[in-house]
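Consider the single chain below, provided in structure tokens and representing the form predicted alone.
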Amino acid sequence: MIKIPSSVKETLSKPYLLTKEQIQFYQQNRFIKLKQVFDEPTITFFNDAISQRVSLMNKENTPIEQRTTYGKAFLQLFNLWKEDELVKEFVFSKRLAQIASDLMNTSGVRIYHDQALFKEGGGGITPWHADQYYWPLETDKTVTAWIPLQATPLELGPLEFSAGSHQIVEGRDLEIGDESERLIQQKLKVTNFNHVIEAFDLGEVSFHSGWVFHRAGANTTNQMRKVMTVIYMDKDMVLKNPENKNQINDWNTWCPGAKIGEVIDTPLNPVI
């Protein structure tokens, strides 16, 4: 079995110290991009490991032009940490978990789930949406680490944010798709929230909360845009009564056995 180099292991556990200004920025805008979270050797190692696992897990063989808008957006594989010991080391990184906890001002975080989001060359947009529409979670103490496995210029379709849009209630009941892209875009056009569209440097990672609206552009290159994500929640997060079929599905899939009104403490949701 391939072993993780000691220097890479050290990087995964080494603290990333946030400034007061960075935490305040996140609290105000509910997203932040942080440079040099990981160095090149770490990204290179896990690019290889995650790419290999995605290749093994991926079952999508429909030509991209025949897929729905959602299907064109990315290849989406879940909970790689359950399938691969190398990827588990990355997903369980203390460095990432500490950033998530510090940004949310919690005493610790649990894993909700992970997902690889690989946008193929020629892949379409990822429509405007808010993640927490899908999650049966009682509070907004949630954050997603979006980790590109290569430098990501605009041509590859990096993540875009509507800064501070967690304040908007309209659009929270929309599944990701053509309708969410159209209606949320219309709503954001008449607000003063800043639409942030920026490239990602190698090793740069973004963190966004469950209710902030975000999207990604199309991949206009012939290169795969590889991204790994880890979704964290407050370690004391309580399961709420699901409000839609997607939240019921998420309950059964990502926190099976959790009980409504109680802390989500299952084998799939360890404290990191």
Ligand SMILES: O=C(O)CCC(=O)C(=O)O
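Since the model is a prediction, treat every value here as computed from it, not as a measurement. Residues carry their position along the shown sequence, with the first being 1.
Same protein, other form: the form predicted together with the named molecule, not shown, and the subject of what follows.
- Put simply, of 184, 97, 117, 149 only one has a heavy atom within 4.5 Å of the named molecule in the predicted bound form, and it is 117.
- Residue contact check for residue 159: one or more of its heavy atoms lie within 4.5 Å of the named molecule in the predicted bound form.
- Looking at residue 229, you'd find a heavy atom of it within 4.5 angstroms of the named molecule in the predicted bound form.
- Although the partner is absent here, residue 129 sits close enough that one of its heavy atoms falls within 4.5 Å of the named molecule in the predicted bound form.
- Remark: residue 216 counts among the residues lining the named molecule in the predicted bound form, judged by a heavy atom distance of 4.5 Å or less.
- Judged against the named molecule in the predicted bound form with a 4.5 angstroms heavy atom cut-off, the residues 144, 208 and 225 are in contact without exception.
- With the partner omitted here, the stretch from 129 to 137, 82 to 90, 195 to 203, 105 to 113 that lies within 4.5 Å of the named molecule by heavy atoms in the predicted bound form is 129 to 137.
- Residues of 74 to 110 that come within 4.5 Å of the named molecule in the predicted bound form, judged by any heavy atom, reduce to 74 alone.
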